[in-house]
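Okay, so here's just one chain, in structure tokens, the form predicted on its own.
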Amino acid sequence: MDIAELSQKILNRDRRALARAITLVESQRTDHRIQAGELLSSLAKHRRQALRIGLSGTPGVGKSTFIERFGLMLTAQGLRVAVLAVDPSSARSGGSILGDKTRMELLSRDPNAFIRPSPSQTHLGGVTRRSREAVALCEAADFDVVLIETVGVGQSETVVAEISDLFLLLLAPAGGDELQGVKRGIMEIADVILINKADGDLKSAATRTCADYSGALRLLRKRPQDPPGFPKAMMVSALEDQGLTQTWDELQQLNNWRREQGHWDQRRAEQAQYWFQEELRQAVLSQLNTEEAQAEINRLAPQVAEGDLSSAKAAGLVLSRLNITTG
């Protein structure tokens, strides 16, 4: 693969080249990882930046409908929109449905939009390990807005904050305590909470839910990266295209304020450091998949199972065999 040619095609907004590049960075092959590094280094010189918007919500809340209608509204304004949707992978087979392009049929045909579903590969955090690199590729392809739709399954969704500039949380009207076990962690990173499906018979329930979450947000400690009035809860109806323009206006207002105050640059720098450390952690973990490590693990596992060797002692023996010291 000619990396220089692929890089130039991405800079020229070639969607097929972008799709090929994302496949490359998602690959686990050693030679592909080397090529991916070369490609990302080449593209980083151009420093193109998009507004990164993370989006999560429980299954059935209408994330795909919202993204499609929201994306169509943005492309109608002349903006180029990329959607990176992460689908949960089966813990048994490792397979994913990857049906987001089917659910966003209109947006997938828009020449100013690009939709890329990716399997989570059981990676915790609601996004894949390579999602940040995929975002960087979309920025290099000159997209104005990148929407990152997370798996939407639990507390680990908070990792998406390490990729996005803004984070949206979608909730359903009268959802009750559906997020009781996880909502504090998610609400602490959410910039805007959207009560979707605020139409028809659900509109009154949506009004109450919005009021409840507005009150809950006021009780949370104010964050230094927020102007007055944020974070906030709003009502939208993706089905009826209601509240989408207002949502975009609020997001632009928040993003512009953070840029003016210097929070935007600071956050991007913090995110870069986070992923640097994450790459180091993953590199160390990958050593456990080598033949040498697996042989040692298989040798010690029966002793741990029989109680002849503690799990901590066994882990220390494996790590020492790999010349990795522990604290």
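Small disclaimer: the values here were computed from a predicted structure and weren't measured. Position 1 is the first residue in the sequence shown; the rest follow in order.
If you look for the form predicted in complex with guanosine-5'-diphosphate, you will not find it shown, but the lines that follow are about it.
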| So in the predicted bound form, does any heavy atom of residue 132 sit within 4.5 Å of guanosine-5'-diphosphate? | no
Q | residue 158: touches guanosine-5'-diphosphate in the predicted bound form, heavy atom cutoff 4.5 angstroms | A | no
* Asked: If you check in the predicted bound form, is residue 103 within 4.5 Å of guanosine-5'-diphosphate, heavy atoms only?
  -> yes
query: Counting only non-hydrogen atoms and a 4.5 angstroms cut-off, does residue 58 reach guanosine-5'-diphosphate in the predicted bound form?
result: yes
Only one of 227-235, 195-203, 209-217, 137-145 has residues with a heavy atom within 4.5 Å of guanosine-5'-diphosphate in the predicted bound form, and that stretch is 195-203
Checking 73, 174, 79, 239 against guanosine-5'-diphosphate in the predicted bound form, the residue with a non-hydrogen atom inside 4.5 angstroms turns out to be 239
Answer key: of 49, 282, 65, 294, within 4.5 Å of guanosine-5'-diphosphate in the predicted bound form (heavy atoms) is 65
